[in-house]
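Here's a solo chain for you in structure tokens, the form predicted alone.
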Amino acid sequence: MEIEEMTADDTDMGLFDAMYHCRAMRKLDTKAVPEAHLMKLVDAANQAPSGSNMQSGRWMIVRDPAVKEALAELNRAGVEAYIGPMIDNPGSLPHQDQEKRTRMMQSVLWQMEHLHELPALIIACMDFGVKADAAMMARGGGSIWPGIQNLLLAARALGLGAAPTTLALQDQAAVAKVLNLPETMGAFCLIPVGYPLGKFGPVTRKPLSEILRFDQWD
């Protein structure tokens, strides 16, 4: 299949609007996303910097029902292990009360139950050129996560919902088998993409006064 190169589009929303309104959208419609949009997301991801400009990021767009089902089962195992103990008592944080954390957890569980129904799952990978090991995976994150953030911002600009997760990728051998990855590649992140069932809105973040200092930490 011939893959057409993409260019920036004047109709896209402004960069800062996208950043300040890029909420994690886990509840997505089953309506198909145009292939051109999906390719534009990956092309935006591909513009990000990488260590030594190696450009080793590799991206997979999963739409096949059988592959989605297999990834959904891996995701279920990861979610249940991670949040199982917190389902009945999610607790709270200084910047997120128990009600908000409960809603967030419910959206994670909703995604777990419906992942196989969502229109597209994008997998962010790295190709190391030699057999990938745990040390390479640990170092490689700095060269793939900038691309993931580009993808999330591009999705927001196109009116698409997305939320990155690593819970489906805990068993790298199982993931490699499902995706038919060569031994030189590792999967870093799964990003479900679709039209949001909820509404976009501003993100809630800690104030600069709490997270920023100049020169040295006091």
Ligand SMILES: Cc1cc2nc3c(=O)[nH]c(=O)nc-3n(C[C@H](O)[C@H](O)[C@H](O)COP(=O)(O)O)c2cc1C
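Residue numbers run from 1 along the displayed sequence. Quantities reported herein were computed from a predicted structural model and do not represent experimental measurements.
Below: the form predicted together with the named molecule, not depicted.
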Can you pick out, from 172, 56, 184, 166, the residue that has a heavy atom within 4.5 Å of the named molecule in the model of the complex?
166
Considering non-hydrogen atoms and a 4.5 Å limit, which listed residue (26, 68, 156, 40) is close to the named molecule in the model of the complex?
26
Candidate stretches 41-49, 174-182, 59-67, 157-165, one within 4.5 Å of the named molecule in the model of the complex by heavy atom:
157-165
My question is simply whether residue 18 lines the interface with the named molecule in the model of the complex - judged by any non-hydrogen atom within 4.5 Å.
no
Hey, in the model of the complex, is residue 13 touching the named molecule, heavy atoms inside 4.5 Å?
no
is_contact(residue 208, the named molecule) in the model of the complex, heavy atom dist at most 4.5 Å:
no
Could you tell me if residue 74 has a non-hydrogen atom within 4.5 Å of the named molecule in the model of the complex?
no
May I ask you to list the residues of 109-125 that have any heavy atom within 4.5 angstroms of the named molecule in the model of the complex, in sequence order?
111
